[in-house]
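One chain follows as structure tokens, the form predicted on its own.
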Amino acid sequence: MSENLVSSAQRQLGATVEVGPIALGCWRFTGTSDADNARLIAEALDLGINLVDNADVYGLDWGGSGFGACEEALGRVFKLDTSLRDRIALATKGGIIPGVPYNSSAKYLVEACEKSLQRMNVEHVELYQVHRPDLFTHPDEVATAFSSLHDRGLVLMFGVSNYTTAQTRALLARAHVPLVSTQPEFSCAELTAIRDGTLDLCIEAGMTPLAWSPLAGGRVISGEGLRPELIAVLDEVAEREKVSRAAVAVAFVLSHPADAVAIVGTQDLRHLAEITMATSIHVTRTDVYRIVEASEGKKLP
């Protein structure tokens, strides 16, 4: 049988934290009861999903009540079931201010992280990331914020999100604390991270890519806005492997040698269970290149 490219192995964040290949994103962590949210976290853990990814700006859409709402919702979950916090690797992000739109100054990032911890009712997070790069802040400022948060025991490790490779390299050269992750958009419908060196830099620097929107914002499930030939290839593999189209799309993300973590945002337990089947299916080199060609609409040279 041909080689299976899907990596179901645990991913390493720094030297001490292991996380599963699929993470739970909190962008849509709105609109349900605290008990339902606690059940979702517990079920995710039972499925091997132990990285929970949040951000202070989450809550401004998807029915949220405003800035910080999803962190507050998670904080209520931790109050409801105090055992859950110790079972997860908790990540959050800061640096987006609606209307500004970005601020990565040392003062702001430190204060933003402190407020995130308060909203989530925790004393520290395993991972804190700059949500989007502030083009008018020197990386030394970011490095200063990271060092302060690390020295005070508020954050164990750090990362970036939506950074270019050049921006990431500049911060890597300046940071004095572990920089362990970068969070790019990456899916079968969005291949920029493969083409622009983001995933290659992860391999070079020992960083773990945390792929946001691995289902292309739900378009993989609905089929809307995607090339028909891409849907056809995904469906063909899904039928062969007896899984959902979504599981195949996530398996594609898990097939890259950078060992990405796929962050999924579904709040539906049935869908979450279907998606985790991605780690148990067989995806070949031929499969992934067919997906790439179908996504880009042209044959590879």
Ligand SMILES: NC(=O)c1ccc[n+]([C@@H]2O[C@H](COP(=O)([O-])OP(=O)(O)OC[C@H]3O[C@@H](n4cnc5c(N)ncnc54)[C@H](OP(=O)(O)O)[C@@H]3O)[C@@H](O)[C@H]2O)c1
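Quick caveat: nothing in here was measured; it's all calculated off a predicted structure. Heads up: residue numbers just count along the shown sequence, starting at 1.
A second form of this protein, the form predicted together with the named molecule, is not displayed here; the remarks below concern that form.
Among the residues Ser213, Ser116, Thr168, Ser181, the one placing a heavy atom within 4.5 Å of the named molecule in the predicted complex is Ser213. None of Ser255, Thr266, Asn50, Asn37 but one reaches within 4.5 angstroms of the named molecule in the predicted complex through a heavy atom, and that residue is Thr266. Screening 218 to 226, 199 to 207, 148 to 156, 107 to 115 for residues having heavy atoms within 4.5 Å of the named molecule in the predicted complex returns a single hit, 218 to 226. Contact annotation: Val233 falls outside 4.5 Å of the named molecule in the predicted complex, judged by heavy atom distances. The named molecule in the predicted complex comes within 4.5 Å of no heavy atom belonging to Thr137. Cys26 belongs to the set of residues with a heavy atom inside 4.5 Å of the named molecule in the predicted complex.
In the predicted complex, none of the heavy atoms of Val248 sits within 4.5 Å of a heavy atom of the named molecule. Contact annotation for 281 to 301: no residue has a non-hydrogen atom within 4.5 angstroms of the named molecule in the predicted complex.
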